[in-house]
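Starting off, we have a lone chain in the form predicted alone, written out as structure tokens.
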């Protein structure tokens, strides 16, 4: 009997999948659909407001059986329970991984070190709700007594990508008399453009940094402080125009922020999993506490589905297993996420951090080098824009790029035939990728012989289609949780820690050292290339 402790390549399901994959590489989706007319109904699953059609994947019932077996041999069920019950599965940092607690309903209990984490989560949610209501109603006034008209979120990584994505995704539900801006890049242009047309006496800054020492975030925060004081003139104004999302009360107070306006989150929340914590304060101010809680309910619905549903009908498990299938057995290096919904324009960028910071690892939990490829590159753009950009490569290029199409039955902005045209493209693209067009079909259209090879579509290019009724806060929550748990599924199979990110540390350390050298004149002790670049910058800045 194989177990999760057995090296991946030695698990019986892995060996069987390797053999099965060799046979499947010669099988075309045209054949699979011809042999099973019910395939389009059979390879589907539904949960938490999302419908998944994965029939256009290069899989059979046997493939799915072996993938589920691999999940079982890898201990996925045990790992899921360990996460949901607060075990410290982030072993390299000795931390629990409890983003699921951020959306657990009142009355549920999740313990870490003997302490129930759900009550403090709801205490912070209630505090956020009160604050959001005061800002939205105009009760919260700036230093000069004016209503807040502008909210600027300052963060980076998960403290920025989640809030930006959520604001854009749920803009339809946002309060339109408040302008929302987001600053993350330490490039001064990002801050300068964000406040160019704003008035300090009507602007509120939300500074998101757990330690309140994050270099980029605090550099921008101090620039914001100087910008505000240039107009407001009094240090006492800071408490009316800045709030903190942090755990470092000392630094927050030192900055001039009233610690009563400090919103807490916890070590068991990773940055890329934090948008439904206090990090989502800008989202709550934008859409209101009720809609924010609807989003949390969507997250929770997918959490329950992932925890309780057999893997063969489990949406996150299926997406995660299919990613392993293509990454490790078909040499797919990238995955395209293609939302046919303009409001989701930042969703692929959000997924890039969620997926690649989580699973971009070359070392297993046991400290050994991984045996297989991990962490495919995620990318994408909203349709139909991408069709006039990179779809050529997906259709006729030499690389296999599995695609996730995301669409909705109803649009939030009905306008003539627009939505029917949009959705026609979703279904058409998936069909074209799967079935292509043969040389015989091209010739039958009367295409000149010399052009025939250029108009052949090989097809057999896999895709998933995810559908929901319309983009609501609850559906957005379900969609995000779907990918969170798909990432966890992949990491469990590969035996890696999906919740640390040591790979970002070295660059940070070196940047801090080099910053001092750029601002000084001391001796340089890098390689010859880096030394020369620093010297050239010093001479020309």
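Positions refer to the first chain, counted from 1. Fair warning: this is a prediction, and the values are worked out from it, not measured in the lab.
In what follows, reference is made to the form predicted in complex with a small molecule, a form of this protein that is not presented.
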query: Contact stretch among 315-323, 144-152, 233-241, 205-213 - heavy atom within 4.5 Å of the small molecule in the model of the complex; finding: 205-213
query: Any non-hydrogen atom of residue 504 within 4.5 angstroms of the small molecule in the model of the complex; finding: yes
query: Residue contact check: residue 353 to the small molecule in the model of the complex, 4.5 Å heavy atom; finding: yes
query: 4.5 angstroms heavy atom contact with the small molecule in the model of the complex for residue 283; finding: no
query: Contact label in the model of the complex: residue 305 to the small molecule, heavy atom within 4.5 Å; finding: no
query: Proximity to the small molecule in the model of the complex, single hit among 404, 276, 328, 357 (heavy atom within 4.5 Å); finding: 357
query: Proximity to the small molecule in the model of the complex, single hit among 375, 271, 462, 383 (heavy atom within 4.5 Å); finding: 271
